[in-house]
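Given next, in structure tokens, is a single chain: the form predicted on its own.
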């Protein structure tokens, strides 16, 4: 809600935008700042709300992915659970489903908070587009959660899995940001490998969801879910 304070004062927003526009272009683009659109309400919200929210919620997604199998195995609990007549696929599916519900709840509360805060400003973005902006964060974070669960089932050790997942998130963000700054050639090719390249919140606030990206990330998350089931089913769970 606090990021809407600047939207309540057009002069303050203009001064803030002017200050940022004087920074080096490369510095701005690394942090997801587009000098051409930052002064618009859509551009400001895309940066101040959606880009940073996606990174912050990705932290939850990593923690949730570790909680699927790695944390309990590291604590010596998973072997007790699997001694019961519970199939391994059920452990993975039900935990991922539970954390997915939590993820959707967090994003839904963020949406409500922003809509309420927007009522106090002189600017407005169509509620339907704001809703799609938050909806756009779900596949990205489901992918991060599924990726972490897959790595946790594939390698031994919670700390190792956590490091791999965190490095993946940070590297993906930097590849997309720096690739966008450099532009052309190998930079554009590398950006195709970044999950954040397919997130891109600003166009969603203008025209709505990019369905190919939205469904593509969901499909990739589903593949990682399948990989998690395969890896955990073959895993020799530590005692």
Partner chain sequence: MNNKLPVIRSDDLTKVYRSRQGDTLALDSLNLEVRPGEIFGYLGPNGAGKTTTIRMLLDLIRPTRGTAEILGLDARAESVAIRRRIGFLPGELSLWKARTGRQVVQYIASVRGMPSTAYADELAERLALDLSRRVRDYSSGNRRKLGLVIALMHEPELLILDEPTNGLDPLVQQTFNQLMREARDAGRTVFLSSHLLGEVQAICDRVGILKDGRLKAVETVERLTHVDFRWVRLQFREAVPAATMARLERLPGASDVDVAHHTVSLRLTGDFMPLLDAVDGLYIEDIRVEEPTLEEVFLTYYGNNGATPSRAGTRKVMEVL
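Residue numbers count along the first chain shown, from 1. Worth saying up front: this structure is predicted, and the values here are computed from it rather than measured.
Below, we refer to the form predicted together with its partner chain, which is not included among the displayed structures.
In the predicted complex, its partner chain sits within 4.5 Å of a heavy atom of residue 76. Its partner chain in the predicted complex comes within 4.5 Å of a heavy atom belonging to residue 81. Taking the partner from the other structure, its partner chain in the predicted complex has a heavy atom within 4.5 Å of a heavy atom of residue 88.
In the predicted complex, no heavy atom of residue 118 sits within 4.5 Å of its partner chain. Only one of 67-75, 143-151, 123-131, 96-104 lies within 4.5 Å of its partner chain in the predicted complex by heavy atoms, and it is 67-75.
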